[in-house]
Ligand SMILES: NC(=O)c1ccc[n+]([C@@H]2O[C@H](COP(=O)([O-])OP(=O)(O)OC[C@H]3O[C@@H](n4cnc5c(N)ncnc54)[C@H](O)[C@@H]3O)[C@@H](O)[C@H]2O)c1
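Let's start with one chain on its own, the form predicted alone, as structure tokens.
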């Protein structure tokens, strides 16, 4: 039995809790939140995909306002961090030093130095560390990655990724809208597509970025970004991300990838999310798992812990690279010039 201590019980923490309930031989033993009474009352914040949903059954689960009670509990195997980004490194290092495996929500941290602290603690502890880059595990994205790697439809000519959200007004104390705490839309939202681009197309050697900053508040930082990436692929690769849209705007997660022999199209808002438009005038809808990337990433991580395997499908070293590329984009925005990878 893998026992989990869950830190943070907003939208993402509640989603993780429900997933763990459906995994065999996994038990959430305790939940930490800065407002434990909120957890007990069932006041779960919504997010940009779905909402808080119904109150999960917390019978027999310890709810505490002290994270150390779970981190230092020797009966707990895994600490799952769904806390604000600016505390990721501090809490992850404490948990790894205490001998716990750590799953931490993305982004890994706010800067590469904090990422290095987490990697160092992982190495010293011998425990697993994984960052929640769920898009790698989202069934439609995973299937598309397989198609591209197999060159099923030839080489990629162009790839456009889009991730647009209503303003995240649901975060506790509005921490998401404070760039110094969240990294803004660049690090919190857009980084999903950065990580996927790295995973599929290889190392990013340079970026050209354009942005709208402080449109939501005077502290929100980059609220919208459009970036072109130079990678190992000759394809034109562009990603668009932003959260300066109004409450009634539906969350948009999509891509359009043109290959030599077909165009691959994904839109999370459609009933048939993934389409392959072929050169013969046909449109096919490949079958895929109905699971979410959150389901698949947590199942994978738990299996790694149970089987004593390293995290190979989403290693934290690559999560650090995603942070580095996001900061390259920030520098390109600041200077108005293309930035190359150091």
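These numbers come from a predicted model, not from an experiment. Positions refer to the first chain, counted from 1.
The same protein has a further form, the form predicted together with the ligand, not shown here; the description that follows concerns it.
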Does residue 88 make contact with the ligand in the model of the complex, using a 4.5 Å heavy atom cut-off?
yes
Though only this chain appears here, would residue 17 touch the ligand in the model of the complex if you measure heavy atom gaps against 4.5 Å?
no
Whether residue 188 contacts the ligand in the model of the complex should be assessed with a 4.5 Å heavy atom distance threshold; does it?
yes
In the model of the complex, residue 33 touching the ligand (heavy atom, 4.5 Å):
yes
Contact with the ligand in the model of the complex, heavy atom within 4.5 Å, among 121, 237, 262, 82 goes to 82
With the ligand left out of view, which of 140, 105, 223, 77 would have a heavy atom within 4.5 Å of it in the model of the complex?
105
Specify the contacting stretch among 224 to 232, 167 to 175, 141 to 149, 93 to 101, defined as having any heavy atom within 4.5 Å of the ligand in the model of the complex.
167 to 175
